[in-house]
Every structure is written in C-alpha cells, then in structure tokens.
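First, one chain by itself in structure tokens, the form predicted on its own.
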Amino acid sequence: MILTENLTKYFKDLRAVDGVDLHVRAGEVLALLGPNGAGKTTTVRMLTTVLRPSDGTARVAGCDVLENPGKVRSSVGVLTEDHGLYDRMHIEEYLDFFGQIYDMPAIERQQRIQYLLSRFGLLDARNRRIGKFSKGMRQKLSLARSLLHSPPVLLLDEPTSAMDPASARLVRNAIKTLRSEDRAIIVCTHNLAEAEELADKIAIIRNGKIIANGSAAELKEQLLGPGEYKVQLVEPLDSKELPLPDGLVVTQKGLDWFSYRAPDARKTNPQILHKLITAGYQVVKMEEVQRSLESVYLQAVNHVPVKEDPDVE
C-alpha cells in the first residue's frame, strides 16, 4: 500500500529527508516517530504529492507519486497539523464541499457525512459554525474529512492532539477499526503510549534518516537488550545463594525478590523456576519487567549513530 525506496528531499543545502525506506501493507499501522524537524512532515508531504521528491521513489495505493499524482491524491486521506478548516461554514456544508471535490454522488455524500458525524459524536453540532468549535471538535472534524471518500491510505499527523481522554479513546478505537478494513495507515505522533497501542511497526526518524524500524518488541530487543524478568519469593533471600543456571546474571536484588536478563526466555525461565522449586523456594510470581517505548525512543534519538554519506559534503 505504501512503499518508499531511498526517498530523499533537499531544500537547497539541507537534506530534510535522507534515503527513507518504508513499507506499510494493507491492514497495518506504522507509527512514524521523531523529534521536531526530523523529517516526518516532509515525508508525509511527499507521500501526498504536495512535495516532489529530490531522489528515490514512493508508491501509494499502487501509484507512483510522480507518475500518477492525481490517483495518489484521490487514494489518500490526510490529517495535518494545520487543519485548514473554513470557520464560517457549518459541518455538513463543509464536508459536502469536500465530497464534491472528490466527485462523490450526492446521495453517497449525505450518507457518508451522517455516518461520520455519528461516529465521531458531532451530530449535535451540525448547526454550529466551525469557528465556534473547540480544538478537540476541530480535530474530530478534520479526521472525518480525511475519511469522507473512504481512502485506502491514511496519513495522520497527531490524530488525538488537544482531545480530552474520552475523545482520544474514540479516535484510537476508530483507527483500530480502520486498520481492520485493510487500510494502510501512517500515524505521526509524539504520544509514545498511543504509538505502542496502535502501531504494528514503528519507525524512528532523526535528521532525515530512519534509525530504527520494527515492531515495539523488536525495537526493545535491539536497543535495550534482552528482556528482564523479576521473581518474587515468599521468604527473604538473606544471604542465600540462588540456584540459577550457569552464566545467568542477576541485575537487581531486594529483600524477597531478584531480577535477571534472559536472551532466550522460553528456555531460561522454565529452568530457573524448576531450580528454585527443587531448592525449596516458594515462588509467588515470575513476570517480565515492562520496558516503555519511551526508553526505546530516547535510546534511539540520543545514542544510535546516524551513518553519514561520505559523498555528501
């Protein structure tokens, strides 16, 4: 659905996007993370044909962004940071205007508009001018506009920004539903918990380069090392020597618990549990220590080196 190879964009001497390779299949959500100015918005603008790539290729819904820009635009729903709403219009008037731009028949436009207003809780506001909407309501209207023509590809920039918790949950649930409808979705967000909840894959971009790409579990393994596990016991450890497999390193120890790293948990954890029980220890629980996507992100943007192209001054 979305495929880029060596996608690059220069602004005079600035290489804003530098050889980006992305692949998002139908039914997948990719979270594109990165600091401000990292290249996220420029990448999205190239995928929507607003900007012309300086080098590389990009295909959206099977269409090349350079060869078939019109087909690409009709296949994409976009939520941008700057909503571009027309404040003097009413909701239905506004959405009907965009439906006409997409050449949607009148009956289809009205059915789709009513469905989206109901889905995003905007029916009660249909007689109010957009200029009187709260930030959260404007965000939901912008998302409804991006979905109006049922596009196979969605590019969403901060989709839950400025929303109250209930509205943000509504939008996240909508995104999950849209994924199940075989859409390819890219979400640019600074909400890392949201990214981990929604995304099948996560790409972290810095200085225009993708420095990490994979599932949340894969990135945690790559950037934070093997998983860490904690064992809670009934009795205090005191100075007792733990009966652990050879080579296993205890990372932390408390009064009645200890933790360790296990490169192969499926093999190591049953061995540890067996040895503890055999030695007479009563195990309350054994659990994985949760590692946040925030830790992965900070490790990537602060410590992962960006490979420089020796041919570029």
Partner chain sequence: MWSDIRKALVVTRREVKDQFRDWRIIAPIIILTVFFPGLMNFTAQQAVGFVAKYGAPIIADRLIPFLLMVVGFFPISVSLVIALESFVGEKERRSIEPLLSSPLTDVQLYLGKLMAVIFPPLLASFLGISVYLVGVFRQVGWVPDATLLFQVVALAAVQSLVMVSGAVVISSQTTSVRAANLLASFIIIPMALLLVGESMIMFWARYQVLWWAIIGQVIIAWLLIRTGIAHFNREELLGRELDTLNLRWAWSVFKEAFLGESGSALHWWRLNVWSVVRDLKWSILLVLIISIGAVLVGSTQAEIFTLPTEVLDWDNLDEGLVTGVENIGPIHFFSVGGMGMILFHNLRAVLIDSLLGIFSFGVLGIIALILPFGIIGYFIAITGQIGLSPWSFLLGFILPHGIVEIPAIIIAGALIVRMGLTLVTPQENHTIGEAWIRTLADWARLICFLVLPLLVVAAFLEVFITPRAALAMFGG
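Positions refer to the first chain, counted from 1. For clarity, every value in this text was computed on a predicted model and none was experimentally measured.
From this point on, the text means the form predicted in complex with the partner chain, which you will not see here.
> So, H23, R179 and S215: all three within 4.5 Å of the partner chain in the model of the complex by heavy atoms, or not?
No residue of the spot touches the partner chain in the model of the complex.
> Would you mind picking the one in M163, L117, L242, V78 that has a heavy atom within 4.5 Å of the partner chain in the model of the complex?
Looking at the other structure, the residue within range turns out to be V78.
> I need to confirm a contact call. Of S74, S150, Q110, Q232, which residue comes within 4.5 Å of the partner chain in the model of the complex, counting heavy atoms only?
Exactly one listed residue reaches within 4.5 Å, namely S74.
> Hey, of 165-173, 180-188, 83-91, 223-231, which bit sits against the partner chain in the model of the complex at 4.5 Å between non-hydrogen atoms?
Result for this chain: 83-91.
> Would K140 count as a contact of the partner chain in the model of the complex, using a 4.5 angstroms cut-off between non-hydrogen atoms?
Although the partner chain is absent here, K140 would stay clear of it in the model of the complex, with no heavy atoms inside 4.5 Å.
> Is T48 near the partner chain? Define near as a heavy atom within 4.5 Å, in the model of the complex.
Because a heavy atom of T48 falls inside 4.5 Å of the partner chain in the model of the complex, the answer is yes.
> Hey, in the model of the complex, does A193 get a heavy atom within 4.5 angstroms of the partner chain?
Residue-level check for A193: no, no contact with the partner chain.
> So, in the model of the complex, is R129 in contact with the partner chain at a 4.5 angstroms heavy atom limit?
Yes - in the model of the complex, heavy atoms of R129 and the partner chain come within 4.5 Å of each other.
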